[in-house]
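Heads up, what comes next is one protein chain in two forms, each shown on its own as structure tokens, labelled structure 1 and structure 2.
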Structure 1
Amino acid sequence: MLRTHTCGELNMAHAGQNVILTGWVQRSRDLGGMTFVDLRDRYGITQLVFNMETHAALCDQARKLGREFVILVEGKVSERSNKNAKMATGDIEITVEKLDILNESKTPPFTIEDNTDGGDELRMKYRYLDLRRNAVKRNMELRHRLAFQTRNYMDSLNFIEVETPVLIKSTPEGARDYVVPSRVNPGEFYALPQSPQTFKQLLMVAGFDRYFQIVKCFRDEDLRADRQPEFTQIDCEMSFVTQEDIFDTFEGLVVHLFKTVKNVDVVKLPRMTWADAMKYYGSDKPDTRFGMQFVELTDIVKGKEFKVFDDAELVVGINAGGCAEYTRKQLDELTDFVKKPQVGAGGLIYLRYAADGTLKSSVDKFYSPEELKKWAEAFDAKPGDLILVLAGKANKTRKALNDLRLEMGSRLGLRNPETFSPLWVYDFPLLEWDEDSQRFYAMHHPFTSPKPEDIALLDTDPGAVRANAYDMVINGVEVGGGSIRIHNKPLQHKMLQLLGFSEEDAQAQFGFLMNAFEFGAPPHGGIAFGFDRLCSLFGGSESIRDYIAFPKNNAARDVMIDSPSRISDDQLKELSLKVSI
């Protein structure tokens, strides 16, 4: 190595040693007789000192160093007179005897600091400079650590990582595929995988009983803020298992990751049925860092001439503990919040349980104090609490109250990103009815098995069938989902029929999987974790983009390399394609 040490490791134990360091000029200060330069590399920052009295020429050279110049210095480790306890290397500095400029730098378009002056677009265009910033660099290190520890854990349990192909076959079910024209098979296309689902099931048929893979997947969607055209999954599958085995194995994984990467102790994961999650949180991914569970009031509030409640399918609320002193203005803000189109409630009813024990609501003219007392009892409220109630169509109201609950959690500081509350949500419905197309869709995917006790309902009431499907949810984020799969051909066949596949389509798209099921498919199931999402959760951020080295923007463009781009006519011709805009 050109260097003897990194910029992050020197301390008083090295005092007096001659060392060679390499790195980037973070900043320099010219104090007349002395010039100080902060030298940065991946590991830290070390202060360099150039002395005008003893090394005038060298000091002159140092004064001309610009930000982000790449230099090599040789010198002696000395104790600082002015120590900096905040820096790992803050006790020492290097008295420089020799300076080589390895490369110059133009002035970077934004500052390479934790709080940079660069906007999003500029930082994406110069992502290689953005990655020099501490915060972004640490995200990449966290991502590496999580992948590495995932592999350690999986290997220790005899899982083997198998690479499944990237050039596969287009299947219209689910999101849109990215396709790849084949030159040697004109008019034909590969597709990039949305997940290795069918391949991992084939690996179970092949007898590999414990498979995993950290793998890139692709989805040609109209992008939202937190979606990327290419994303990474921790993809896992096991044979000869029950749902219980999946829970054990993969809560073991997150316990291992929290311990080894964050030094956080997580205990056994609680479990919640999908029905309970919807009933008590209005969401299939409840944020359980705080309580504030839903309480339904429908039965006790009807028939008091309050039309809003009388007309409502559901009246449901939460108890915002300790918020009885909320001002008019704060309550108006909450009302505005629930009325936003994204939330969609008609209005907000509140009930204050004052510290002196009196009850005061926004519907006092319809409900007597005795009646309001019943509300308070339903919520198990105590003096000082504030009850917030929504009413309307059941599903829509639950969704709105979920938004309000999360908003209250945020306002009350109950959603600390360094607190982690993982759980399993299970017993999802098998099918989801789509009003637009008047057909059922698989809630998870077409390979998910129904619960054995619900199979009879497939013919009579398909929407009521529960699946052997589960999600792992942490802090209100779905980090992983999976199911016990169907492993015999007749049931798989029936499922595809229910989903509206014609015989031909089913054979064309999944024929190889159904054929495989005829040659001794074992019972199997698995799970896939969204790795980008998991990284952002561990990093305490909302944005997965911060955890991807070279992300694309919301128009699916890489602005750094300017891609996608046109290709040559020769390339198009070789591929037997014409662009037709």
Structure 2
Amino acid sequence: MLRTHTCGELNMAHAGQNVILTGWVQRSRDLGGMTFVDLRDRYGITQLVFNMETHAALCDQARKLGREFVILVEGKVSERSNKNAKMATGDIEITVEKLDILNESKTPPFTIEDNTDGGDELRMKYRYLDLRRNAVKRNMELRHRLAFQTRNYMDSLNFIEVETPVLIKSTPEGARDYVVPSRVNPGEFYALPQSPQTFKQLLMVAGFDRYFQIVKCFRDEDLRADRQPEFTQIDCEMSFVTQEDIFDTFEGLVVHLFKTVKNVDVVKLPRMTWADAMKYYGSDKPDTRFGMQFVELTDIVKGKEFKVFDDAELVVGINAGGCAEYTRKQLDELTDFVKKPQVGAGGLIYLRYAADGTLKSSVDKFYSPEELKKWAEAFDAKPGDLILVLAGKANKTRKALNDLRLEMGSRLGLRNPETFSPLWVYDFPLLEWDEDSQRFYAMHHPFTSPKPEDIALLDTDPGAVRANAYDMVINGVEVGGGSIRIHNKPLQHKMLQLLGFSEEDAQAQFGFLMNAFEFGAPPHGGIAFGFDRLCSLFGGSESIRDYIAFPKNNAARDVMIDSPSRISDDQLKELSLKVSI
């Protein structure tokens, strides 16, 4: 190594020692007789001192150092006269006796500081500079620790990490595939995997009864803060297990990660059925850091000549505790919020339960004080509370009220990113009906097993069948999802029929899996965690881009390397492709 120490490890125990440090110039300060330079590497910052009286030539050389110059210095560790308690090396400095400039640097397009002056797109273009910032570096270190501790935990339970293929077969289910043309098979294409689903099931058939993989997956879908074209999963599968075994094993993984990475103690995860999640939160990924569970008022409020309620399929609300003193302006803001197109409600009804016990609503002309009191009793409201009510079609209204609940949670400071509330959501519907295509789609994927007691309903009422499926949710974010799988050919064949696959399509796309089931497939199930989402959750950020070394932007472009890009005509010819745009 060129250096004897890093820029983050020296302290008073090293005083008097001669050391060699390497790194980047963070900043410099010329005070006439002395020049101070902060030297940075991955591990921290150390202050260098150049003294004009003892080393005039060195001091002149130091004054010419620019930001981000790469240098090597030799010198002696000394005690600082003005200590900096905010720095790990703040008790010492290096009195420099030798300086080598290893490489000069152009002035960076933004400051390499925690609070940088660079915008998102500029920092993505120069991501290699952005990665030098402490804030981004800490995100990468967090990602490393999560991966390391995941592997430790899985290895301790005899899981084996197996790499599965990246060039696979395209299937029409789920999101769009990224496809790769084959040069040696003209006119044919590989797909990049959306998940290793079928391969991990085949590993169970092969007898690898405990598999995991921290694996890259790819989906060609519209982007948002928690999506990228390529993302990482903790992919897991087990043989000879029930749903309860999956819960115990991977609840243990999450408890282990919180303890070893965040030093947070997580108790046993509560469980909630999908039906209850939708009824009380309007979401299959409820944020349970705070209350405000839904209360249905449909039977209480109908028949009072208030058309909005009388015509509604569902009337439902939340109790915003302590908000009775909201001003008219604040209530108007909430009304405008629920009317946003992305929320979709037609309006907002409210009931104030004043501190003096009086009840005042926005529909007083239709409801007497005694009737409003029944509202308050339904919500178990107390003086000082504010009841917010929406009405309309059931599914649309629950979705809108979920958005309003989350908005109120944020306004009231109830969604602290350092508070963690994980839970299991289970018993999802196996299938969902799509009106446009007039067919069923798998809620999870085509390989999810129905609940054993519901299998008979596949012939009579497929929409009522519950899946042997489960999600892990933390703070309103789905971080993991999985199921007990179908492991016999007849049931898998029936499932594909329900999803509209012809015999030919089923055989062409999934014949290899169904054929494998004829060779002694064990009962099996698993789960996949969104690794990038876990990282952002542990780091307290809403964007997974902050935890990916080289992410894409919202247009799915890598602006640093300018990708995707055109390829040459010769390459197109070699691949038997023509492109005309």
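The term rigid core refers to the most C-alpha atoms you can superpose between the two forms while keeping them within 1.5 Å. Only a predicted model underlies this, so the values are computations on that prediction, with no experimental measurement involved. Structure 1's sequence is the ruler for residue numbers, which start at 1.
- Of the two copies shown, the second one, structure 2, is the form predicted alone.
- Residue 9: CA moves less than 2 Å between structures 1 and 2 after rigid-core fitting.
- Its Cα shifted by 2.7 Å, residue 568 is compared between structures 1 and 2 on a rigid core fit.
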